[in-house]
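Have a look below at one chain only, the form predicted on its own, in structure tokens format.
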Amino acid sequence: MLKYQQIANEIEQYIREQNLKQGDKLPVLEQMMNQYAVSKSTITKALELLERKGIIFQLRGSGIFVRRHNRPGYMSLFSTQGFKSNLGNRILTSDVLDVSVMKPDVLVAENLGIDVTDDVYRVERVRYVDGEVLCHEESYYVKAIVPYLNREIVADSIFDYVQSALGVTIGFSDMYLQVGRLTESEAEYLGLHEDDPTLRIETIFHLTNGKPFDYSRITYHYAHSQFVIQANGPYM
């Protein structure tokens, strides 16, 4: 975990432990720099992460304020930090079905901006929250960027690993959503029936330099998936 992520987690924990409410004011930037003994840029990145997660909001010239907490059980749909970072005290587990090195097909290569002769890690897993099936996930990682994965890493948080162990900094993501019905094989993974409703999300995750490194396809269990979308400005 990078320093700014650690600080963001500590600030979020402080808000929770102090039971701070919507509109409560946090210490100013300079106080946080002294408290955590880090640079202005590190604190700024931590605050930007908390703002993206909907934990705080900032008013120029006025300060940093607590934003209303999410409803229990709802996950941030537009997080670039993976599931584990926005589940709070809920327990995330994984049933790892596959971790293997392969050559990508045309679709995967196109989404990752690589050639079909390049190597990728294919990861397939079923994910559970508090023991209930959340989703079936199939992901592809560019091996030149993520050179090593194993079942132990994949069973936990891949994003935590690539950021802390590999020093990879995740920048932004492109997300494609589609509501449909489950195929027979999808239904089997999720413990549902063929033609039950589902939400499918394809996501391409990029580094801060804009280079794609992860292309994922996730199929959600309709009864166990609740999401929140927090906007930082008015819709047009």
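All residue numbers are counted from 1 along the displayed sequence. We call the rigid core the largest set of C-alpha positions that still match within 1.5 Å between the two forms. In this text the structure is predicted, and so the values were computed from the model without any measurement.
Separately, the form predicted together with the DNA exists; it is not shown, and the next lines address it.
Participant: Is there any non-hydrogen atom of Gly63 lying within 4.5 Å of the DNA in the predicted bound form?
Facilitator: Looking in the predicted bound form, residue contacts with the DNA include Gly63, since a heavy atom lies within 4.5 Å.
Participant: Would Lys40 count as touching the DNA in the predicted bound form under a 4.5 Å heavy atom rule?
Facilitator: Judged by the heavy-atom cut-off of 4.5 Å, Lys40 is in contact with the DNA in the predicted bound form.
Participant: So in the predicted bound form, does Leu59 come within 4.5 Å of the DNA, heavy atom to heavy atom?
Facilitator: Yes, Leu59 lies within 4.5 Å of the DNA in the predicted bound form.
Participant: Taking heavy atoms and a 4.5 Å cut-off, does Lys45 contact the DNA in the predicted bound form?
Facilitator: Judged by the heavy-atom cut-off of 4.5 Å, Lys45 is in contact with the DNA in the predicted bound form.
Participant: Please identify, from 28-36, 198-206, 183-191, 170-178, the stretch that has a heavy atom within 4.5 Å of the DNA in the predicted bound form.
Facilitator: Of the options, only 28-36 has residues within 4.5 Å of the partner.
Participant: After the core is matched up, is the C-alpha of Glu202 off by 2 Å or more between the shown form and the other one?
Facilitator: No; that C-alpha moves by less than 2 Å between the shown form and the other one.
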